[in-house]
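Below you will find one chain, with nothing else, as structure tokens; this is the form predicted on its own, and questions on how it binds or moves follow later.
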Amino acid sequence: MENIKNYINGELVEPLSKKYLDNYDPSKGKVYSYIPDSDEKDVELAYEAANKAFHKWSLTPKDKRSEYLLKIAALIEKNIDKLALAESIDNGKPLKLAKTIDIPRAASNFHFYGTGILHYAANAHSMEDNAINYTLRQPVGVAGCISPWNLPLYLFSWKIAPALAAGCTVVAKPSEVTPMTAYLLSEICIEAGLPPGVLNIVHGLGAKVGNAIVSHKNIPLISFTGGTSTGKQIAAIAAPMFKKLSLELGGKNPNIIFADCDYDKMLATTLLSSFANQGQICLCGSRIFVERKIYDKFKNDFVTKTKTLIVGNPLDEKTKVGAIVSKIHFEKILSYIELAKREGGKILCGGKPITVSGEFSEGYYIEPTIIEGLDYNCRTNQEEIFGPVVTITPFDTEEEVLRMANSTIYGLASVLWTQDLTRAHRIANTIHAGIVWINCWLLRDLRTPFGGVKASGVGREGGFEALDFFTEPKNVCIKL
């Protein structure tokens, strides 16, 4: 079995402890590689490398930094088959999804910021009393980047690319649940000739590696994507140290469906937004609100479509729903299905684990699950499940559905289906969410800000907002 290695100061190295953690293939429920069990000593080595590299990297011309990022993007595209297979095995997601979405998006992130940094402009203001002010955007320093397990390389690159483009150096931690493509990215960076210390990747547990990064006195900013409870812990450590923080946290996203929607398009997209990546996308719509006049038709059609989804071997092209990422998360999802039953929910389809034949018999599979009959403010409808589980609820008025949609502590994304343009704008203005998709889902333009409100996060990623985060403005005033 392969031993994954840390990437520190341009080299692949073992953890100082020489200790390793098991890395599971969730489709089989078996260990298939080993992850460095790193700690604060490895993080310190990574920081020292990043700090040493920062002075030169921050002064490297933008066009040269751009060249490195574009070279990395090209190598990701060249290795798409290898990376997609690794992502599928590591995460349990269908291979087709990894090959068409995850890995291409990772390449796009490096390409976007590799070109975007060339167009990142500062401001200048002339004054009446013969003076001029101009603003410099200077890289903050060594950035701490911590990414989740659901979209491993995609979200890892979403942080690293703008940090490097802005002139920061990075100490990064991928999820210990899905480390393989971050390890392969290390190899790509070496092949691309990225200078030593510019990017450092330390594998290991959040309690050891993540905490060491967040609490490091000389790492001035933290970019984190993950659960809201972990985000609270990070904020509690980082805020008294006056670190810059970007927190992209959980969601309990509403899909609001009015009777005047494009029904066929809505149905197909709702199926995708409910169960893509086994529902393990922070943007999935887990609470579906349907105008009562079409509720019964939607329920019957949605259940029928859901029952056709093939659950099983992620490497099989016919598979639509793969394995849950880990045994712990598998058990968490099943516990919420049981909670829904206790709260009075009716299981319309799914609700049970699946045993797949052959070598996949010990994998972590759950049927796509639809539940109705729950109160909008019960725990099942208020807490993030992060799996192939959705609830459906009828509504009568716009006022009623907005009250239900806005009732959670979260506010990441939302989906609205209607042909009424005035209503669309009105609800988009009123709903508590950082992202509103109207008659679509997961349609992303990398130039736009990404993030949530309330317990779904702090700050924005994407576009020039990300470059703003990884830089500090400095005003210079000159009297002529």
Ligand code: NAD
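Remember, it's a predicted structure, so these values are computed and weren't measured experimentally. From 1 onward, residues are counted along the sequence shown.
Not on display, but discussed next: the form predicted in complex with this ligand.
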(request) Heavy atom within 4.5 Å of this ligand in the predicted bound form: which of 395, 330, 386, 302 fits that? Just give me the one. (result) 386
(request) May I ask you to choose, among 57, 450, 437, 68, the residue with a heavy atom within 4.5 Å of this ligand in the predicted bound form? (result) 450
(message) When this ligand is placed as it is in the predicted bound form, are 286, 310 and 350 each within 4.5 Å of it, taking any non-hydrogen atom of the residue?
(response) no
(request) Name the stretch: of 302 to 310, 143 to 151, 182 to 190, 79 to 87, exactly one has residues whose heavy atoms fall within 4.5 Å of this ligand in the predicted bound form. (result) 143 to 151
(message) With the partner left out here, check for me: in the predicted bound form, does some heavy atom of residue 412 sit within 4.5 Å of this ligand?
(response) yes
(request) Answer with yes or no whether residue 294 is in contact with this ligand in the predicted bound form, where contact means some heavy atom within 4.5 Å. (result) no
(request) Answer yes if any heavy atom of residue 173 is within 4.5 Å of a heavy atom of this ligand in the predicted bound form; otherwise answer no. (result) yes
(message) Just checking whether residue 139 would be counted as a contact of this ligand in the predicted bound form - the rule being heavy atoms within 4.5 angstroms.
(response) no
(request) Pull the contact list for 277 to 292: residues with a heavy atom within 4.5 Å of this ligand in the predicted bound form, in sequence order. (result) 282
